[in-house]
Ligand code: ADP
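This document opens with one chain alone, in structure tokens, the form predicted on its own.
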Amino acid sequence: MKNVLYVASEAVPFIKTGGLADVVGSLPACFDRRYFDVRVMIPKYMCMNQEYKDMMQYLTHFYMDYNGKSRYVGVLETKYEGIQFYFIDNEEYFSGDRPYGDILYDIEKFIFFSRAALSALPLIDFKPDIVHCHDWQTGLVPVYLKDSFRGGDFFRGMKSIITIHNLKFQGTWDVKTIKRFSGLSDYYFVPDKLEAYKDANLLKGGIVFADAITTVSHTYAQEIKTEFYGEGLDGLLQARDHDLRGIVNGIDYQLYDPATDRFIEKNYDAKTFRKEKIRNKRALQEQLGLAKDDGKFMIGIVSRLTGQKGIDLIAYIMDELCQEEVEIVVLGTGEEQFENMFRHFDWKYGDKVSANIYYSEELSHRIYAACDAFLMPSLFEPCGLSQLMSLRYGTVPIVRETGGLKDTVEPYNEYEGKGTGFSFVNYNAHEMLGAIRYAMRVFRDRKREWNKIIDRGMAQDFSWHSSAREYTDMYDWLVP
């Protein structure tokens, strides 16, 4: 039996700001419990829903010297869907109305959390073979395992993995401050360890000292070794190439299932979508005040409205696109210029464009079910989940070939009768428009081909069980 502990800043269902929470909350349940005992440790935030706080039971507490003071560390626990969760409690650090805010304060509290998580292990009667850390918030865990926690029997031989969910966020501040918070010696604050460009960098510490490194898709693992995607750490990632692998994230196939989804107008599956999917389109046209026309090519966009997501490309060709027989449904919030751009086109082409500048779980499901195609032209995309959801719902993705989008969407090839979506390579608005127009032609003129693309897409397996098989291989490689 291998013991694995996930240490992270968030996990569903307890607290979520992004895809990290889905990985940490969903993946542990997918391992074969005869061979793996996978548990999770996150902070106990005051802003968690009361129903989740009510599930937690006190386990133990202790005091830890941190940043010149003796500080309380409480440990609570609960079982959720068969998985053991632990929560590190300290009201001074984990109060507030959201998990992240001011970066300096975040750095202080997550260094505290990293230290407290390791300090708690001997007291909770769980000795992991592997500590699996996620993103910069837990970047110091692998460092501490090689430093102050190295002595003694309990931590001997304990391995660490760090997973990079988005390399853009690294947890950097000046050396003096991070040295004070971390309690690490001068030895660590040099360019081949924690120092990067004169500052201290928590994610870099994790990458240097972890026994293995993963990121959330095969292509992103290759891309981050280049200057364009490497965010200043490409040299280090090239040096650790042998220990770096990409494993695609999954989605919850029970939550995202068109056959049982309670949010959508008409349920359907891979056998019945030809007849039933159209009803979802008609219902969404009705709900959003779009032209009621089955022949209109309905394109969905569910996204943060930011430059990273390629929204500037959409802005560039939006007027041109609206001359076509299309309907465009947008859901999300983000940069003000992009929010206003979509509002403008909603006003200008009221029966073609619906701009929903907020977030709604229910509407997102309805968009995945109703649209003909789903547009995702990201500049970079470590994994991406929306394209996996659209494949699941038989909505054909149109993506740029980067990161997880390249790994999960096979471009349509009309000569070989292959492919699950449409793609373009260069970050170029008219190349994207060309891909959209190609998709539209197949949709309009070659309906049988279009339906076969949907068939192949709905047959893909991007469930968490698929990801868990690859993580299993990695754990076995690390701890034979």
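From 1 onward, residues are counted along the sequence shown. Small disclaimer: the values here were computed from a predicted structure and weren't measured.
The same protein also has a form predicted in complex with adenosine-5'-diphosphate, omitted here; what follows describes it.
_Let me test this: is every residue among Asp294, Ala439 and Ile454 within 4.5 Å of adenosine-5'-diphosphate in the predicted bound form, going by heavy atom positions?_
No: none of Asp294, Ala439 and Ile454 comes within 4.5 Å of adenosine-5'-diphosphate in the predicted bound form.
*Okay, which stretch from 271-279, 121-129, 353-361, 232-240 lines adenosine-5'-diphosphate in the predicted bound form, with non-hydrogen atoms inside 4.5 Å?*
Selected range: 353-361.
*Residue (of Asn90, Ser303, Thr214, Thr172) lying close to adenosine-5'-diphosphate in the predicted bound form, criterion heavy atoms within 4.5 Å*: Only one option qualifies, and that one is Ser303.
*With adenosine-5'-diphosphate left out of view, which of Gly310, Gly332, Pro142, Gly246 would have a heavy atom within 4.5 Å of it in the predicted bound form?*
Of the candidates Gly310, Gly332, Pro142, Gly246, Gly332 is the one lying within 4.5 Å of adenosine-5'-diphosphate in the predicted bound form.
*asked:* Against adenosine-5'-diphosphate in the predicted bound form, would Pro13 count as a contact residue? Criterion: heavy atoms within 4.5 Å.
replied: Residue-level check for Pro13: no, no contact with adenosine-5'-diphosphate.
*With the cut-off set at 4.5 Å between non-hydrogen atoms, does Met376 touch adenosine-5'-diphosphate in the predicted bound form?*
Contact check for Met376: yes, within 4.5 Å of adenosine-5'-diphosphate in the predicted bound form.
*Should Gly384 be counted as a contact of adenosine-5'-diphosphate in the predicted bound form, where contact means heavy atoms within 4.5 Å?*
Yes, Gly384 lies within 4.5 Å of adenosine-5'-diphosphate in the predicted bound form.
*Report yes if any heavy atom of Ile178 sits within 4.5 Å of a heavy atom of adenosine-5'-diphosphate in the predicted bound form; otherwise report no.*
Contact with adenosine-5'-diphosphate, no.
*Members of 5-31 lying within 4.5 angstroms of adenosine-5'-diphosphate, judged by heavy atom, in the predicted bound form*: Residues within 4.5 Å: Lys16, Gly18, Gly19, Leu20, Asp22.
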